[in-house]
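Taking the form predicted on its own, here's one chain by itself in structure tokens.
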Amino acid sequence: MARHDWIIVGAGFTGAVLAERIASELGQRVLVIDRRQHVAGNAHDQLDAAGILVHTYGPHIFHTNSPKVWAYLSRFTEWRPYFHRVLGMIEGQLVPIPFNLNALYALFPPGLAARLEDRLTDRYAYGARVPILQLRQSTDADLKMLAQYVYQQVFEGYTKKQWGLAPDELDASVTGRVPVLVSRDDRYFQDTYQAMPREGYTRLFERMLDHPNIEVQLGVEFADLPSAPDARVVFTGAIDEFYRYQFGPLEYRSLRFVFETHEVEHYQPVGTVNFPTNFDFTRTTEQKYLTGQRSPRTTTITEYPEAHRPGENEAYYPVPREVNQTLYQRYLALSSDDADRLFFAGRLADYKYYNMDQAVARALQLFEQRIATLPRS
């Protein structure tokens, strides 16, 4: 194997950003490997048989409040402004998700909806994002009733399907991420920057990795590489897998995707429709809303959550429970003796749920605070 200063395992956001920074800023040689036959990790996209650009591993909508992350990624792509909208099927009606004042008036009698709006604006002010956990603790009877309704109709069933656990079996941070919006803003995200890569995510990654100091090898397992004792390693896969499940496997959730082509211009009224109750799937996303593509046909992706089975399906989501965090810390401690030569980073390696912008921020921070200051080996 040719001499490399670094081996980066995983060609998703974390691995690609670190490869680009090390190659460009430090002038060091990087080998990027991925067990899949493509770059871009879970953000990979490609044209399907109908000619529709689809996200291979489910919908990825970019949003961030970080000027630094936005500026960095903008080096490798032009953007198409896009504001994602989600509707939830609640009691037979499609209403905005997150739950907001428009949903309130769609589901409650006008007089009661007006009273609840007054209560919300008096207590939290117009424009507030109120975590459902906080709303459930309200001493106001009307707000407590509303919180219980949203919890049961929007959050509880969806959570059981997504995680395979009841909400009280998960870390409170999961509940804390579910807001009620005291506004009529129907956008799913309220971040400063919201857009999609104009040519898709895969093209963004190809540009990021197009550097003379970077070599990419696909369909390659880290365990199958010949020994390279002088190379430092960044591992972005599952940390328990790296250590051969020495303490037992960490818990992850997986997804099964069903892609369907429809001979209509649009199949649903917005990008994503959620199904919090009933059915065994959680949501259906229509790709053309995300990409802005024009075609008389359209493709949807429906997501069926399922347990992760190592070697059979992909690990997508670390399960936020205290017992899992304790086990993760045991694995992380194994790397302490090799802290300047072995780095773990990314959703699976850090055992932490990252949005795409958070994965980029994590990689940039790791590079700036630790990797850029290392003595050259």
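The shown structure was predicted, so the numbers you read here are calculated from the model rather than taken from an experiment. Don't overthink the numbering: it's just position in the shown sequence, from 1.
Same protein, other form: the form predicted in complex with a further copy of the same chain, not shown, and the subject of what follows.
- Proximity to a further copy of the same chain in the model of the complex holds for none of L47, G51 and G58, with the criterion being a heavy atom within 4.5 Å.
- Only one listed stretch (200 to 208, 143 to 151, 213 to 221, 243 to 251) carries heavy atoms within 4.5 Å of a further copy of the same chain in the model of the complex, and that stretch is 143 to 151.
- Proximity to a further copy of the same chain in the model of the complex, taken as a non-hydrogen atom within 4.5 angstroms, holds for one residue of A106, A172, A228, A307, which is A106.
- Taking M89, I301, V86, V233 one by one, only a single residue has any non-hydrogen atom within 4.5 Å of a further copy of the same chain in the model of the complex, and it is M89.
- Residue contact with a further copy of the same chain in the model of the complex: L112 places a heavy atom within 4.5 Å of it.
- The closest non-hydrogen atom of Q134 lies beyond 4.5 Å of a further copy of the same chain in the model of the complex.
- The closest heavy atom approach of D168 to a further copy of the same chain in the model of the complex falls outside 4.5 Å.
- A residue is said to contact a partner when one of its heavy atoms sits within 4.5 Å of a partner heavy atom; N278 meets this definition for a further copy of the same chain in the model of the complex.
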